[in-house]
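Single chain ahead, written as structure tokens, the form predicted alone.
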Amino acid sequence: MKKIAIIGAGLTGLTTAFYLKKNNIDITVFESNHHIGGVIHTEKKDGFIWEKGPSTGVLGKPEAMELFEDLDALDILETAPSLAGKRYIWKGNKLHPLPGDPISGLLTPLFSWKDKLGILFEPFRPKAKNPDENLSSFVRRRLGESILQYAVDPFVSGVYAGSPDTIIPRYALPKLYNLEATYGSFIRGTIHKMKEPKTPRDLKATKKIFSAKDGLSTLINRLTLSIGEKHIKTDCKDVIVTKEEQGFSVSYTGSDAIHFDEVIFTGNAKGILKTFPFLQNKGLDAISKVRYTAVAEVAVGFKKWEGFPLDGFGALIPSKEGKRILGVLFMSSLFKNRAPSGGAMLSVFVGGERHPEYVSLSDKELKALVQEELTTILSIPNFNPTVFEISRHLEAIPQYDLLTPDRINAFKKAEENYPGLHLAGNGIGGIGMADRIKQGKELFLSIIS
């Protein structure tokens, strides 16, 4: 029987481990931290539930729903109500709903009349000549400056904590990129996609916002239970993988080397060359070249909410508006039991590529910043939260920029040169929870094939 080592007990590693174990393959997961789940970590206190890492996922790929099904965990799947489709954008000292239909698109003050009317001509605009065009240029060319500033820029800050000036659609937003590349137009491509027949499996990708009941750690706990804790080694500091004549050996501080037939890496791309010394000096330096943005995630919980009606997904802040937060999610409006009745739980995001210096502020300074911004944006009369918890992530989100194609090629070359080596993690393949689950299942399929 094959013996498989999995480096990293985040969502990707646990998904891979779950499917391999389900198929009776001998696996061991090595995690450097004491905590299982990677950046996913739910906290509970005084009737509040909040996340210290990812807050939500999107059922944008069938693999995400299939994981809940295969895990017998549909009982813990929680999807957000229809109000989650309502997103607010800050402009001119006021929150405005992002348009969701043509009529509201014409009436919104977020976009200029030039760009509103210009959408009619989008199908006739020429395709890009540069496949690695940045997102700012891409959107400005097809949709206009105001749509870039008040729709795309805040979206990129909210999802990637990045900038449209450096994000490359071909790698970061391939579906959007392919609408132009394949159909020559967003509008024509969207209409064509809507007409395409959907298989039962396609329909599992509902695009609904999801979490797990009582927080995402519930999903991690269910995965851990199914895999078996005896197959997951935590506190494995300085894991080193050595290439042997047949297979690999894995060791970490204080341990003996253990032989495996194949090894899967699912961690931070910056750690690959350190974990696999035999890849060093082989022309593969691009494998670990990735820019991660720093983000402070602040959980703010109120027992009695008296501010702006939290009737949507959250609020995003365009960089043009000069505010000091990236955005805020209305977590207690999206999922049940996140705050006491009549209260509110918010997730506020600070830093990113826009203001990385804010992440290193003291707790006192960061609280003052968040208090000032939230009080203004959400019209809070008395800022007296019961919960105010800061989680700092110095390497939070990888940026899919011009470094990406060389990194992808280096991953592939390493795997080709060393059969049995599988390199994954959020350095390639997308940053969303559905992306991580899909990659984990694909790793499983590549091994059993």
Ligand SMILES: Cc1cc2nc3c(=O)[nH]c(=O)nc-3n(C[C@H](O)[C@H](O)[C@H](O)COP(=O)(O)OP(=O)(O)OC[C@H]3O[C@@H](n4cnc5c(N)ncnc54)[C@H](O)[C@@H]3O)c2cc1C
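The model shown is predicted, which means the values in this text are computed figures rather than measured ones. Note that residue numbering begins at 1 and tracks the sequence as displayed.
Not pictured, yet referred to below: the form predicted in complex with the ligand.
J.: Pick from 40, 410, 49, 27: which residue has any heavy atom within 4.5 angstroms of the ligand in the model of the complex?
T.: Partner contact (heavy atom, 4.5 Å) among the options: 40.
J.: The ligand is absent from this chain, but in the model of the complex, do 149, 169 and 354 each have a non-hydrogen atom within 4.5 Å of it?
T.: No.
J.: Counting only heavy atoms and a 4.5 Å cutoff, which of 117-125, 265-273, 299-307, 373-381 contacts the ligand in the model of the complex?
T.: Of the options, only 265-273 has residues within 4.5 Å of the partner.
J.: Does residue 433 reach the ligand in the model of the complex if we count a contact as any heavy atom within 4.5 Å?
T.: Residue-level check for residue 433: yes, a contact with the ligand.
J.: Residue 61 versus the ligand, in the model of the complex: is there a non-hydrogen atom within 4.5 Å?
T.: Answer no; every heavy atom of residue 61 is more than 4.5 Å from the ligand in the model of the complex.
J.: Consider residue 223 of the chain shown here, and say whether it contacts the ligand in the model of the complex, taking contact as heavy atoms within 4.5 Å.
T.: Although the ligand is absent here, residue 223 would stay clear of it in the model of the complex, with no heavy atoms inside 4.5 Å.
J.: Would residue 239 count as touching the ligand in the model of the complex under a 4.5 Å heavy atom rule?
T.: Heavy-atom contact with the ligand at 4.5 Å: present for residue 239.
J.: For the stretch 389-426, return the residues whose heavy atoms include at least one within 4.5 Å of the ligand in the model of the complex, in the order they occur.
T.: The stretch touches the partner through 393, 396, 397, 425, 426.
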